[in-house]
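Single chain ahead, by itself, as structure tokens, in the form predicted alone.
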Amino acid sequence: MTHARKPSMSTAALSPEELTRYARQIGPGVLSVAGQTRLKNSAALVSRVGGMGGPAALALVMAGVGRLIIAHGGRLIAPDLNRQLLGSERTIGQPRAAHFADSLRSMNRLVTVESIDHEPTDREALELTRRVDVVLSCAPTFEERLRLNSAALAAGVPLIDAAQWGLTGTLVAVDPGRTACLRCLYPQPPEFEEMFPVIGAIAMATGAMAALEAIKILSGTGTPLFGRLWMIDGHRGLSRQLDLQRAADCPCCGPSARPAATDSRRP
């Protein structure tokens, strides 16, 4: 099912420069001109922009999403450089958000990039989510992931949750009010290992696929992953998908939960 969303910004046609810039992704099997235009007039939030969120944000910028908001706190450390491709050795010890935003802007001046130098609070997450058309949750902690899940449900905005551990990655896409949410999958947040093992290649692959899901949703192309869990086993080169069921007692999306906000951008 094609799931196209109306843009959150005023609609603007593609310029001749943009038609040239995105020529390799406009055509049979990829995006239509209308789909690329929807992408231009859309906005996305990515939190955080490290091993998974960095590649996701980069792919969105390169694809021509009109406006990107990134959130990431803290300073870059040497162990980050096995996966955080928006950083560099020259920025070790410096705040990540501003440098990551500059790196993204250097790839496409036709895209607007906003940066926030910390992970959003509950209130900020909701405010930011109401400004965009899709949320990419690439945060490591379950607390942050579930916070973005709640904000997306409250705002009626699709959520893509990307996670990674070792050589495995997972993706979940949530269509508020229509599919299971992240809280259905994790009714009780599992224990979190702060310095978990990570290989950059699987983090980047998972982040890139999260971006692809966002591009599909924003442009109305293909069939999004809504309602499914995609597990990628890098050890054995395998992947599988599971259908997710909404939990009747889910405090976020169950019958007793507060209904998602009406989203005038939805078709």
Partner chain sequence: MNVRIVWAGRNYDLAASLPDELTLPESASVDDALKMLSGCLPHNRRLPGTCLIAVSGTHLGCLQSHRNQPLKDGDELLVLWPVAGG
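Positions refer to the first chain, counted from 1. The shown structure was predicted, so the numbers you read here are calculated from the model rather than taken from an experiment.
There is also a form predicted in complex with the partner chain; it is not shown, and the following applies to it.
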If you check in the predicted complex, do 83, 140 and 164 all have a non-hydrogen atom within 4.5 Å of the partner chain? yes
Which among 151 to 159, 185 to 193, 104 to 112, 88 to 96 is in contact with the partner chain in the predicted complex, heavy atoms within 4.5 angstroms? 185 to 193
Residue 245: touches the partner chain in the predicted complex, heavy atom cutoff 4.5 angstroms: yes
So in the predicted complex, does residue 46 come within 4.5 Å of the partner chain, heavy atom to heavy atom? no
Quick check on residue 241: any heavy atom within 4.5 Å of the partner chain in the predicted complex? yes
Report whether the minimum heavy atom distance between residue 57 and the partner chain in the predicted complex is within 4.5 Å. no
The one option of 62, 201, 229, 208 with any heavy atom within 4.5 Å of the partner chain in the predicted complex is 229
Residues of stretch 43 to 69 in contact with the partner chain in the predicted complex (4.5 Å, non-hydrogen atom): 51, 52
